[in-house]
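Coming up is one lone chain in structure tokens, specifically the form predicted alone.
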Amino acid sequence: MKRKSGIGLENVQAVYGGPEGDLWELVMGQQIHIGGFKSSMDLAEKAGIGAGLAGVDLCCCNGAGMRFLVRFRGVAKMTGVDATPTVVERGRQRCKAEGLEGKIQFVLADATASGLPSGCADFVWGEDAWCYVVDKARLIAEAARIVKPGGTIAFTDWIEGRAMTDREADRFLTFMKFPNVQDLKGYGDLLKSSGCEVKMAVDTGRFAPYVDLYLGMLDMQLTYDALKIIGFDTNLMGAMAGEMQFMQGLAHAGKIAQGLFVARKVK
């Protein structure tokens, strides 16, 4: 697993509590993950997430994943856990505006120590967000603690595919504010060590074409909107575009990808 020292929760809070988070939402929508609605539906179908279930979304951001599950999968109740006050408050406001506050609640907490009761959820959910967590072993253990025996852990995340060089990893992790990046086997091993049976661990194949889409949108349509978010700083815009293009190259080389994981808690 590639690592970058000096990056922690406070860096993530700064990203999603400020203009950088708004910029990600501009190009990716409220569902700030690769593939948006299609990716959410794919994960829910593969994991068998459906009507009447109660779930927990770890690192839920603004709650878009929970709103998707309640609206389109018939999930009865969702609890979202996130450590960034800005996105939690935004999520509460959006759920209220959509009339969903009765089915969705937010907890402001570290996802590795949520404070939720053990065995309180039929499933635990995550979408492209666990890459921001320093201690992924502790995060997976928390997911396994929260879910009922026989319940499901279903998530997507940004992962390493083919091995990056140390220099590539350092640049990528620095730009994305990731403390480390797991791979398919690494997440599989963590799930197994937390008492789960891994049903699926695959590369979705979405990463590269979606990075192409985001860069195209910024270049062809959303340039002014993006500049406004960052105070019309054209030098910063150029620097960020350069890092996105570097990431685009890694994606097309198969060195970073979106992994999809479905596991069942067996004990």
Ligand SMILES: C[S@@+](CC[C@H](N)C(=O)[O-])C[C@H]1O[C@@H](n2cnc3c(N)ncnc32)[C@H](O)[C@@H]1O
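Computed from a predicted model, the values in this text were never measured in an experiment. Sequential numbering from 1, following the sequence displayed.
The protein also exists as the form predicted in complex with this ligand; that form is not presented, and the subsequent description refers to it.
Colleague: 189-197, 145-153, 105-113, 166-174: which one contacts this ligand in the predicted complex at 4.5 Å, heavy atom to heavy atom?
Modeller: Going through the listed ranges, the match is 105-113.
Colleague: Could you confirm whether residue 60 comes within 4.5 Å of this ligand in the predicted complex, counting heavy atoms only?
Modeller: Flag for residue 60 set to yes.
Colleague: Give a yes/no on whether residue 182 approaches this ligand to within 4.5 Å in the predicted complex, heavy atoms considered.
Modeller: No, residue 182 sits far enough from this ligand in the predicted complex that none of its heavy atoms falls within 4.5 Å.
Colleague: Indicate whether this ligand has at least one heavy atom within 4.5 Å of a heavy atom of residue 78 in the predicted complex.
Modeller: Outside the cut-off, so no.
Colleague: If we define contact as a non-hydrogen atom of the residue within 4.5 angstroms of the partner, is residue 23 a contact of this ligand in the predicted complex?
Modeller: Residue 23: no contact with this ligand in the predicted complex.
Colleague: In the predicted complex, do 47, 68 and 204 all put a heavy atom within 4.5 Å of this ligand?
Modeller: Judged in the predicted complex, none of 47, 68 and 204 sits within 4.5 Å of this ligand.
Colleague: Have a look at 159, 95, 121, 83 for me and say which one sits with a heavy atom within 4.5 Å of this ligand in the predicted complex.
Modeller: By the 4.5 Å heavy-atom cutoff, the listed residue in contact is 83.
Colleague: What residues, if any, in 86-106 have a non-hydrogen atom within 4.5 angstroms of this ligand in the predicted complex?
Modeller: Just 87.
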